[in-house]
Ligand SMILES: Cc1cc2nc3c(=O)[nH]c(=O)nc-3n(C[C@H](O)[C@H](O)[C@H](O)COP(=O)(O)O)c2cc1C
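This document opens with one chain alone, in structure tokens, the form predicted on its own.
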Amino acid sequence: MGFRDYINKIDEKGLLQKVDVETSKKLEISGILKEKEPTPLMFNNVKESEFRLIGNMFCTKNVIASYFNVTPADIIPMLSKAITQRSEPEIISNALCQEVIESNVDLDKLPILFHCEKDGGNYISSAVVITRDPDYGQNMDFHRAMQFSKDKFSTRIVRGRHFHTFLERNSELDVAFCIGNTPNILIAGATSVDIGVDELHIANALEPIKVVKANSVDLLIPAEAEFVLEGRVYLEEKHAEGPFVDLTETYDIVREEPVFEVKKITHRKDAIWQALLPGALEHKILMGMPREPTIFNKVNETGVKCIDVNVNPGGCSWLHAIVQIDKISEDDGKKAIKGAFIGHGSCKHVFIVDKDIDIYDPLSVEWAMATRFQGDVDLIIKDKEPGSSLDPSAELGTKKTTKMGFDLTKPLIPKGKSFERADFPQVDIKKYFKQ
């Protein structure tokens, strides 16, 4: 299903709300998106741009599951399979993303949002960024970019990411920032895989796509993207980037980051800009969900049967993981904690629960902690080690943080009171009250 096909589908179902009054890309649109999340919104009259804008498209796991016609429980095995059984997309020569080619770059004409009052500038936060290394091949991931002139951005390149490795090896890189993509491309761009793996092959395994050679750079890009910003990123040319609201809903610091010079813009004739609200639900789900299969697989590798994983929004969809297991041995909870931290190195707190606990219900998880957890025996504290740069409480510069694992599973042989939750009788409530 293409990006436009999906928009038409949710529109026909009455799930897409449209804003026809004039709205500004500075502070106003982001405020409306936040107020209405998770409802998808189409802005048909952007004050500063001729282009329409859509946001809040993929805010929940249920929405993404419905896109693929699966249940939320199917997402982890589906993504795991796509990572291991990658496939090459079809290459075409004529693509919708190149219906219009603009060599006279003026970023002010695009509806690039100014999200929050203290932001450093207008920010692209929804783009999947494609680049290439002569030895490793193509890479696709997410990088935010702050506009500071009509043709330049300062783009945040996190150390350790494959893009950063490529940039250090080459000093300059051709890039394509692709905006307006379906979940298979967005999720693939957020996965963590070995260097040299082309994430577009993961996207194609999730749902077949077509790619086309970019207009001015030697890169293969999604053929149905709405916009493609082509240009070059320079390691040695830096510009201040930030502040910016990151995944934790707090402001990130200002850094000197590499400059992205846009040399050409291609787009569809009636292109729609895809916005992604930083720190909001869609940002969280697209960042956190691709880490769930890696946790799932690593827990299973410890010999513990993992049932499901939720990198939950309450933990910023990055710093917490709730792992549901089928406990067979008394030490399964501790082994699962170890596997989960291996599966997601940025995780700060891991919670292991039994199969009778609903990992998508915070009250159910808290109940397990209240009734099945004792700190002196069920808590694992790891010495300070590198965590996530997104954690505002982590040690500045080193990212070091104290990590903890909580074994919230019940003992296999209880001593004393029962650990089972009582079930009330099931009744047909309609029989007892008038409609």
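Given the structure is predicted, the values throughout are model-derived calculations rather than measurements. In case it trips you up, residue 1 is the first one in the sequence shown, and so on.
Form predicted in complex with the ligand: not shown, discussed below.
**Q** Please tell me which of T131, N181, T191, N122 lies within 4.5 Å of the ligand in the predicted complex, judged by heavy atoms.
**A** Residue within 4.5 Å of the partner: T191.
**Q** By the heavy atom within 4.5 Å rule, which residue out of R144, K348, H344, H201 makes contact with the ligand in the predicted complex?
**A** Filtering the options by heavy-atom distance leaves R144.
**Q** Consider R161 of the chain shown here, and say whether it contacts the ligand in the predicted complex, taking contact as heavy atoms within 4.5 Å.
**A** Although the ligand is absent here, R161 would touch it in the predicted complex, with heavy atoms inside 4.5 Å.
**Q** L107 versus the ligand, in the predicted complex: is there a non-hydrogen atom within 4.5 Å?
**A** Taking the distances in the predicted complex, the answer for L107 is no, it never comes within 4.5 Å of the ligand.
**Q** Heavy atom to heavy atom, is H283 within 4.5 Å of the ligand in the predicted complex?
**A** Although the ligand is absent here, H283 would touch it in the predicted complex, with heavy atoms inside 4.5 Å.
**Q** Please determine whether R291 contacts the ligand in the predicted complex, using a 4.5 Å cut-off between heavy atoms.
**A** Judged by the heavy-atom cut-off of 4.5 Å, R291 is in contact with the ligand in the predicted complex.
**Q** Which is the contacting stretch out of 135 to 143, 359 to 367, 262 to 270, 307 to 315, given heavy atoms within 4.5 Å of the ligand in the predicted complex?
**A** Correct option: 135 to 143.
**Q** May I ask whether I157, L276 and M287 each come within 4.5 Å of the ligand in the predicted complex, counting any non-hydrogen atom?
**A** Per the other structure, all of I157, L276 and M287 touch the ligand.
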